[in-house]
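Only one chain is included here, represented as structure tokens and corresponding to the form predicted on its own.
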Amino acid sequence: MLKDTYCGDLRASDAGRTVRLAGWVHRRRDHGGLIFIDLRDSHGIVQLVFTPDRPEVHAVADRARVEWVLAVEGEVRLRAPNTVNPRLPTGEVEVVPIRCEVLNESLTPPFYINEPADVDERVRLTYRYLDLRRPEVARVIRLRHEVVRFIREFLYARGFTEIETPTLIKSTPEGARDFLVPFRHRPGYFFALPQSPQILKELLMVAGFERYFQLARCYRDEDFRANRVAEHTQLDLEMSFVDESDVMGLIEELYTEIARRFGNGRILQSPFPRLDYFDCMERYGIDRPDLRYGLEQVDITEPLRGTTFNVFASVIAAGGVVKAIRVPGKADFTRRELDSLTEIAKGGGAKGLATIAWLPGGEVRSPIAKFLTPAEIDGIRMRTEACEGDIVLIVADEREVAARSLHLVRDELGDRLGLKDPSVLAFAWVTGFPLLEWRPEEGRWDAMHNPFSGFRPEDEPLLDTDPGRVVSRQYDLVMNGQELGGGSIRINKRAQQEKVFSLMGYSKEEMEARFGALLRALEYGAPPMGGIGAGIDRLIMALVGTDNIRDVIAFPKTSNGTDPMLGAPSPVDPEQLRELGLMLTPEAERNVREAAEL
């Protein structure tokens, strides 16, 4: 064996041992005779000390450079007390080589590996195999491994069976676009990469497995964001003979334990609060609120119902609302600060952002105060519970626009005022979602989450009379303003599933073509069932405190979806296209030609 011990495992108790090590040169220091090399492997770093009394070994150290690969045999000895390095787990010992061999040399890396450095992301991803050597990057990948291992052990102990489902399935696009895979044996036919194993896990419940899970790879052809990529990993599970509390209770227990084990001392509220969807939208303007801070939205329409201020009066007359956020102690916001918040509110569709500040001593400062009566100003103050030194930010518009705009303002204030405490993991469940939402441009209903979600039994008659009032049995897990996962108790009867599909505009023929296997299975004793899909990537993001999903994936794509390391995506040989019965459009041919000319 080239090695019998890992560098990072050596401790004071190993003093006197002869060990064989192998790894990469992390640092090298030449002290004019003595040469010190920090050797790094997957477990950590240990110091090697090369002395001139072994000239052959010393000569190897003399020419070695960072990131060269060495194999070493030597004696472990205690460091002198004044040379102990308390920053390293191996800092009490060093190894004096009696043999050293260069296993491979290395070019000079394009960025520092032995110290943190601000490196362009594209360069990091082009040389990702080097980026992953950096201890701070490798630490995240190993944390991910530990979390995934714990999830598996947790579910094994609770009777779950891990089952892999296919990654070549039928295309049934719902929401995001599918990634399509042409089928060579039947030109013109395509598989799709799964957006989730939803139908397959329901079929596993019909098959009688009762408790299934997998760490599933899922694919969605949608625009990239800081927390969203085309391919992600999710904990996917399903259970038979359960209701919402069973699934939510299991996941809450799992995530509570993950946070305690891997959260590095973060504060956790348990049990998780359970929030109603409509209440969330009223208070936060979004269904995945960040509960680490307040700044909740308040409806101030009633105190202004009789106002003569046309900006508010016209909105109220048209059925809109006036909503506000109180920002404690910020009556001294500057005009520049308020102008920037106004632009953020406009990004949500608002026409502007009105403000009222109560200065110390009771003076009111507001560009709209002259249009409001003292009673209306007092009404706003009472509704928002504003005190001296506070400012109230106001949007008047359609309910959805006002809620969305003030959410953006609240989110910005959370950053600007330092309210998003990274030491807090504020989990919550959101329930009570509408089952369906109306698509006026398409003249049909659409599933708010997915078309397989069940609904409250008492709401079934509303499917015929008022579908928009049907409440689903959906539950979303959110944390610090991010959705970590979502699931539901499923529809397990064919007639109910067909009813939902028909409201979504599917004909009988389309139902059979897209979902025939599921519909048939529901007629063969499908049990009550429910489950969840929860993103592993976003969970690790929360645990390490990053807002960039690419930081927690071993080989991520860039922000525009490409892989600079492997050069993907790339053109393919024309013969492959002919075999698959495919032709490039003139625009696609031009893209390929222009790329080749660069």
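One-based numbering along the sequence shown. Given the structure is predicted, the values throughout are model-derived calculations rather than measurements.
Below: the form predicted together with a small molecule, not depicted.
- The shortest heavy atom separation between G486 and the small molecule in the predicted bound form is within 4.5 Å.
- Heavy atoms of N450 reach within 4.5 Å of the small molecule in the predicted bound form, making it an interface residue.
- With a 4.5 Å cutoff on heavy atoms, R220 counts as touching the small molecule in the predicted bound form.
- Residue contact check for P564: none of its heavy atoms lie within 4.5 Å of the small molecule in the predicted bound form.
- Residues with any non-hydrogen atom within 4.5 angstroms of the small molecule in the predicted bound form fall in just one of 395-403, 176-184, 487-495, 100-108: 487-495.
- Checked against the small molecule in the predicted bound form, the residues L539, I532, M529, V57 give one hit for a heavy atom within 4.5 Å, which is I532.
- Comment: the small molecule is not present in this chain, but in the predicted bound form one of T355, N114, S196, T165 has a heavy atom within 4.5 Å of it, namely S196.
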